[in-house]
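Next up: a single chain in structure tokens, the form predicted alone.
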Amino acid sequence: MAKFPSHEWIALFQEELNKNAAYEDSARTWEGDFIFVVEPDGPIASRQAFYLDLFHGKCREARLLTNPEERSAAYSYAGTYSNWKRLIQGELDPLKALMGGQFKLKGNMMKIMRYTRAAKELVNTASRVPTEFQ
């Protein structure tokens, strides 16, 4: 089990993502990187973030950031720790959570809406990573 978020969890997520054929198919024409921001609540006292470079159905780079501003990306997806936990456990749909205000997106929303299946596969992949929540 890997703690979310941690270097270990992000490495496992990248590994799972790169072997997920359904994600590869759904994101085969996607080009864009993300910063995923975990806002403090519950056991998390400070903002945490991780970066994913997603390109044509593969994750070329994944890493924990010391702060979300450390790196620029085409997109950012941010929510509280408790909402991330619910998302990874399959209790929240990534797009419904965005529309419902549990998460905030910065970037081209029109492009995101063309890749809803890929977004769901990202979350499905995260739910397969053996995760320990604090």
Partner chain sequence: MWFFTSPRLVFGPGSIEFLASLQARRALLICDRELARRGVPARVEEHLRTGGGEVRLFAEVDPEPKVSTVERALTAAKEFQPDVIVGLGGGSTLDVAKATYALYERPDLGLMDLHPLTDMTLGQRAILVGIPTTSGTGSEATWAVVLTEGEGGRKLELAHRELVPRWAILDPDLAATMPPKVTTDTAADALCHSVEAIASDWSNPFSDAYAKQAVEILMEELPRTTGAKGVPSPTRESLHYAATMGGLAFGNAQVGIAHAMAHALGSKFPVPHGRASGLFLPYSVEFNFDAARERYQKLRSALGAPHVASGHALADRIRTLWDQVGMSRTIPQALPISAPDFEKALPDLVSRADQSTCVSSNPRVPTTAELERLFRAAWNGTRVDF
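On a predicted model such as this, the values are computed, not experimentally measured, just so you know. Numbering follows the first chain given and starts at 1.
In what follows, reference is made to the form predicted in complex with the partner chain, a form of this protein that is not presented.
Enquirer: Could you tell me if G100 has a non-hydrogen atom within 4.5 Å of the partner chain in the predicted complex?
Expert: Taking the distances in the predicted complex, the answer for G100 is yes, it comes within 4.5 Å of the partner chain.
Enquirer: Quick one: does L64 come within 4.5 Å of the partner chain in the predicted complex, counting heavy atoms only?
Expert: No, L64 stays farther than 4.5 Å from the partner chain in the predicted complex.
Enquirer: Please run the contact check for A45 against the partner chain in the predicted complex: heavy atoms, 4.5 angstroms, yes or no?
Expert: Contact check for A45: no, nothing within 4.5 Å of the partner chain in the predicted complex.
Enquirer: Consider Q89 of the chain shown here, and say whether it contacts the partner chain in the predicted complex, taking contact as heavy atoms within 4.5 Å.
Expert: Although the partner chain is absent here, Q89 would stay clear of it in the predicted complex, with no heavy atoms inside 4.5 Å.
Enquirer: Which one of these stretches, 37-45, 52-60, 66-74, 89-97, sits within 4.5 Å of the partner chain in the predicted complex when only heavy atoms are counted?
Expert: Within 4.5 Å of the partner lies stretch 89-97.
Enquirer: If you look in the predicted complex, which residues in 17-55 sit within 4.5 Å of the partner chain (heavy atoms)?
Expert: Residues within 4.5 Å: D25, R28, T29.
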